[in-house]
Each structure stands twice: as structure tokens, then as C-alpha cells.
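Single chain ahead, by itself, as C-alpha cells, in the form predicted alone.
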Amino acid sequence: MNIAEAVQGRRSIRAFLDKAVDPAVLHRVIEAAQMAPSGYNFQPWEGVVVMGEALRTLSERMIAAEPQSPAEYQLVPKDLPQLYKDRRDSIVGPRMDAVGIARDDEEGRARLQARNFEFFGASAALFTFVPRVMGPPQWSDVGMWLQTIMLLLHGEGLGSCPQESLYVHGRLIKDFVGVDDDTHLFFCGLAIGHPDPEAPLNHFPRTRAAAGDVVRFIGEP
């Protein structure tokens, strides 16, 4: 596929087949992703891949644990403007509809959210960390690195789902994989596996703002 097809075709996968991911493919993808953009060439991203039984053990520990306090970081800004609430709701609603959960079913919404801690059945996950010395500009570098990995995985026929929601167990994850909490923040998880082609959660409609709503052109060529 070409680059445009990869960008348009990639989506967050929330239902995976019970099928192992070839570690050689993950090594190839991560090696290629090292060429992602990086301000000052800091390459501030650090990651750990967890697979198989080890991933299931981590999942069980997160499900059994209470969310950490204080949280690793603030995931949703305070006093969120309505524009961004509307964009959030435009994706959450169809996701719930896909699995038959009513919009006002708080218990059903919680069950759906809890699937994050099971990695949606994925057989592998990449956990990413940022040295605490780094600031917001370097966090954007980590995001570009993850986007590169997700596009490369899509090109390999694999699916992925970025999981910032795991921030509620950041310290538990760091302890499990041997990352020092004093020196590093947990940034994001990335579930990786073979997408279930029949799962409604992998097919509900997604919306994005029109390009003209977010980017303006000034001047003439």
C-alpha cells in the first residue's frame, strides 16, 4: 500500500484474534521506526514489548489493582471546551452502538473501558516511557514515533490500539517491566495483534473534523 492508503486505512483495533504475533515482525517494525522525526535528535522514546503469558499476567494485575494516586498525568484537560467534548462524543457513541451498549448505560460503558486492561485480546503490547527530564516538545516526538510504528504495523497486516488509558496503572506497569519510576513517566501502551475482521468494534464509523476547520492557508504560491 502507498502512504496515503496506510494513513486512511489505519484505525484503532479493539478486537484481536487469538493468534500470536511474530517477534521478527515487531523487531523489523521498531527498527524502521527509529527514523521517526526527533527534535535535536534526542529520540526521547523508550519502550518495552510484552507478549504471551507475561502480558496476561500484567493484565490480571491491572484488573485487580486500584487506580494509582496521584495519576501519572492528567489525561483530559480541566474545563474542556464544548468543541472537544463534541469530538469525543462523536467517536464514543458509535463505539458503544457497535456492541449494543445504550448511550446512558454507565455500567456497560465501564465494561467496555475495562477491556483496555485486557489489551482487547491482543497477543503483544508495547509500553512507552519518557524520561522525566523531558518536556512537552519531547512528548510530541514520542507521539510521532508511535504513529510511525502504527503505520508500519498496518503495512505488515497487523492492527494496533494506542492506550493512554493505562496511565491509571503507570507505576504498576513500570514495576512489572523494570522501569524506574523516579526517572521515567509512563506515556502510552500500544496493543498489537491480528485484527478480528468480523468484530463490530473494528468497523464502526469514525469522524474527523474537516481539514478546513483546523488549518488555514495564508498567501499565494
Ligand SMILES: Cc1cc2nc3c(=O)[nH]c(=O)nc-3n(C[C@H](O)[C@H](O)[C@H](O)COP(=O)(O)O)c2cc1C
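The structure presented is a predicted model; accordingly, all values stated were derived computationally and were not measured. A residue's number is simply how far along the shown sequence it sits, counting from 1.
Quick note: we don't show the form predicted together with the named molecule, though the next part is all about it.
Comparing 115-123, 129-137, 77-85, 98-106 against the named molecule in the model of the complex, the single stretch with non-hydrogen atoms within 4.5 angstroms of it is 115-123.
The named molecule in the model of the complex is approached by residue 164, whose closest heavy atom lies within 4.5 angstroms of it. Among heavy atoms of residue 192, none comes within 4.5 Å of the named molecule in the model of the complex.
At a distance threshold of 4.5 angstroms between non-hydrogen atoms, residue 19 is out of contact with the named molecule in the model of the complex. Among heavy atoms of residue 71, none comes within 4.5 Å of the named molecule in the model of the complex.
Within 4.5 angstroms of the named molecule in the model of the complex, the stretch 13-32 places a non-hydrogen atom from 14 alone.
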